[in-house]
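Encoded as structure tokens, the following chain is the form predicted alone, with no partner shown.
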């Protein structure tokens, strides 16, 4: 009876959260932490925890597609994971190989146009996993309705270091001048294919850190971050919806802060030349509380007034 009642309450809460959500992030990145601790908690071995976590991964993919998220990145295997004992690594490599091939052949993947891609130093992985990566990418390379990135043998600092070395090499060779280095110069050296800026990072398992995950695309975009206590195999849809709500609140706060900064700059200088600040205020003035909007001088943000001046 208690279990049934708990399910009913959770289902009702999920419906409430869905009604509260008005917008969703384009790109969600997940640090799937807690598989081994979940296994120990249940008297099982680490491979059992990884298998349980793989089931959660499939559910999250469905939740993303249901809500309209366009890109999902999963931190499946970090460069630090190579330090784990062989008796844990070999079953994990078997699981990665099997799931990549299973996803590549799944009807739902092809029906929903899911493009599977690997991020990281894949060549460090066993050949059987590399073959599975190639198989999944080739089977889904023509799709563009949803992108599933699987971070394998991935380390954010190593990725940035490699890009920096590549840029320096081109500068030394005379193929690139320092003045030509811009955002695109770095991004084209990070990954073979474009990756959207990360809007939301989710980490399960209780730790509150992002662990060197997608620093260029997450930190640079000031992504919202949602930390939660459940181990990855215990992650539920209600947790996912809470994460989406965190993203929405972060966006609202960001819009309000931008509008306030632009307004403060205009009032502090009184200059008619600060078009950038005026444009920001025009874009985000609706994010200001109504009491602050009512106090605005129309000339502070009205484009027609600026043109007349």
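The shown structure was predicted, so the numbers you read here are calculated from the model rather than taken from an experiment. Positions refer to the first chain, counted from 1.
Keep in mind that the form predicted together with ligand FPP is not shown, yet the notes after this line are about it.
**Q** Contact check in the model of the complex: 50, 84 and 99 versus ligand FPP, with a cutoff of 4.5 Å between any heavy atoms. Do all three pass?
**A** Spot residues vs ligand FPP: full contact, yes.
**Q** Exactly one residue in 202, 136, 198, 150 has a non-hydrogen atom within 4.5 Å of ligand FPP in the model of the complex; which is it?
**A** Comparing distances to ligand FPP in the model of the complex, the residue within 4.5 Å is 150.
**Q** Among 228, 109, 129, 74, which has at least one heavy atom within 4.5 Å of ligand FPP in the model of the complex?
**A** Partner contact (heavy atom, 4.5 Å) among the options: 74.
**Q** Could you tell me which stretch in 157-165, 90-98, 235-243, 119-127 has residues with non-hydrogen atoms within 4.5 Å of ligand FPP in the model of the complex?
**A** Partner-contacting stretch among the options: 90-98.
**Q** May I ask you to state whether residue 54 is within 4.5 Å of ligand FPP in the model of the complex, using heavy atom distances?
**A** Yes, contact at 4.5 Å.
**Q** Contact between residue 27 and ligand FPP in the model of the complex at 4.5 Å, heavy atoms?
**A** Residue 27: no, not in contact with ligand FPP in the model of the complex.
**Q** May I ask you to check whether residue 103 falls inside a 4.5 Å heavy atom distance of ligand FPP in the model of the complex?
**A** Judged by the heavy-atom cut-off of 4.5 Å, residue 103 is in contact with ligand FPP in the model of the complex.
**Q** Under a 4.5 Å heavy atom criterion, is residue 250 part of the interface with ligand FPP in the model of the complex?
**A** No, residue 250 is distant from the partner.
**Q** Can you tell me which bits of 33-49 touch ligand FPP in the model of the complex, meaning any heavy atom within 4.5 Å?
**A** Sequence-ordered list: 33, 34, 35, 36, 37.
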